[in-house]
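Consider the single chain below, provided in structure tokens and representing the form predicted alone.
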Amino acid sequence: MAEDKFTAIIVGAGPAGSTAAYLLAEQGIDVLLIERGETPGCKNMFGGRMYSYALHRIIPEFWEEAPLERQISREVITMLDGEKSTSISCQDENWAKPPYHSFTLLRAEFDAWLAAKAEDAGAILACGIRVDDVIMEDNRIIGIRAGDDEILADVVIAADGANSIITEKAGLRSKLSPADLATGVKEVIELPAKTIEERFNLQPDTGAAHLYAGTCTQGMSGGGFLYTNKSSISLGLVIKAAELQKNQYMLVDLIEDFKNQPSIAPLISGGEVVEYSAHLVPEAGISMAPRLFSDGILVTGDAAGFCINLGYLVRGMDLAIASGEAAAMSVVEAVKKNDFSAASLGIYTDLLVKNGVWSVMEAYRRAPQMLDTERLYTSYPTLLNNLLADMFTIDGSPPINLIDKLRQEVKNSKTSFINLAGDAWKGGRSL
């Protein structure tokens, strides 16, 4: 296949890659979209929620045709401490009205739909192909190598996920360390739609997003999530890979413990696990971003580290889609000039700033370091739950005012007001 040549080859048919392929094909540019899995989405894992604005900008009112689950109208954050838990809930019915704030979805269905949109626009989709290397000539990327096959292109777009082979082979990034990554594990638990709506107090089309911190990660940096689908629950954990490595926990044991938490067990009771998956997640934010472009290559989506975890929300798919859009626009401009050098493709960073991806990554630059604070997963959930449990417990004992209760719980939690104030200040600036 060495004689074959495309204007653009995109490696990875996830949200970033398929978005780029769709936009390029719409412009009449010949593009090959390569996917390692047998079908787009069959190997992709994410929590289960997508913010809508980025795709709505590209495919207006995409919800009219895309395979989606529920429109999120309620956010819940829960701090877990053994038998105790404290939740903060925020509900806004405007989120579940056009132009819908966010949706839950299942990647196998959604990714297949988005890749099909690219195909319909004129892109060539090739599945079941593992790209092993890039082809270089005079320090310029001129194509990819898949097994014994070589396919040439004016530009390659790396959209092959957090542990991107393409960026490493192209010399844009050194090998990632466990400190840069988290490991996500997820189960899809089947339940009747009516049961889900009753347990979560939902309308037929609306959904809820729950995030958890505390004992669900055994004190390690990370958290849990639960998203409601039409007739299933997406439930899982995301934990810093370095901490898993250090503590030698088994993911399968951690998620079983999570499912047995008193705050979780009643919500999934009677459900059947129909899917299990695990995946690496970029966690270090902008500090882990590779070089985003060079002669003949652009990097996008998770391969570029475009994922944000703030504890109270997690963003990945919207940034992937928006970065895929910026990559496509960069190639369109390069085609007009017939110049695929780094100098020409450098417009990519300007477009990332313009469409908001880079400003998001910059704004939350400190978030990964803040979320590595051990007290967030040990002392603070205990302190909060004990304080509130004391406030609501009536047992005939002499009353203690709230300030004294707080002093007592801070002392019992083995932290200090100085730590509380310092972490609150750092959190406010980082998040």
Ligand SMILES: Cc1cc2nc3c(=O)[nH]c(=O)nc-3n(C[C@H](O)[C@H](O)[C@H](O)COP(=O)(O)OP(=O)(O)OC[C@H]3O[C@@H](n4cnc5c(N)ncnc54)[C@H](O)[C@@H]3O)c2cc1C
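Note that residue numbering follows the sequence shown and begins at 1. Just so it is clear, the model here is predicted, and its values are computed rather than measured.
Here the subject shifts to the form predicted together with the named molecule, a form of this protein not shown in this document.
At a distance of at most 4.5 angstroms from the named molecule in the model of the complex, all three residues 45, 49 and 317 contribute at least one non-hydrogen atom.
Scanning 279, 259, 210, 117 against the named molecule in the model of the complex with a 4.5 Å heavy atom cut-off leaves one residue, 279. Proximity to the named molecule in the model of the complex, taken as a non-hydrogen atom within 4.5 angstroms, holds for one residue of 95, 358, 200, 225, which is 225.
Heavy atoms of residue 123 never reach within 4.5 Å of the named molecule in the model of the complex, leaving it off the interface. Among heavy atoms of residue 16, some come within 4.5 Å of the named molecule in the model of the complex. The closest heavy atom approach of residue 375 to the named molecule in the model of the complex falls outside 4.5 Å.
Of the heavy atoms in residue 331, none are within 4.5 Å of the named molecule in the model of the complex.
Residues within 4.5 angstroms of the named molecule in the model of the complex, judged by any non-hydrogen atom, belong to 309 to 317 and to none of the other stretches in 309 to 317, 77 to 85, 290 to 298, 250 to 258. Contacts to the named molecule in the model of the complex (heavy atom within 4.5 Å) from stretch 117 to 146: 129, 130, 131.
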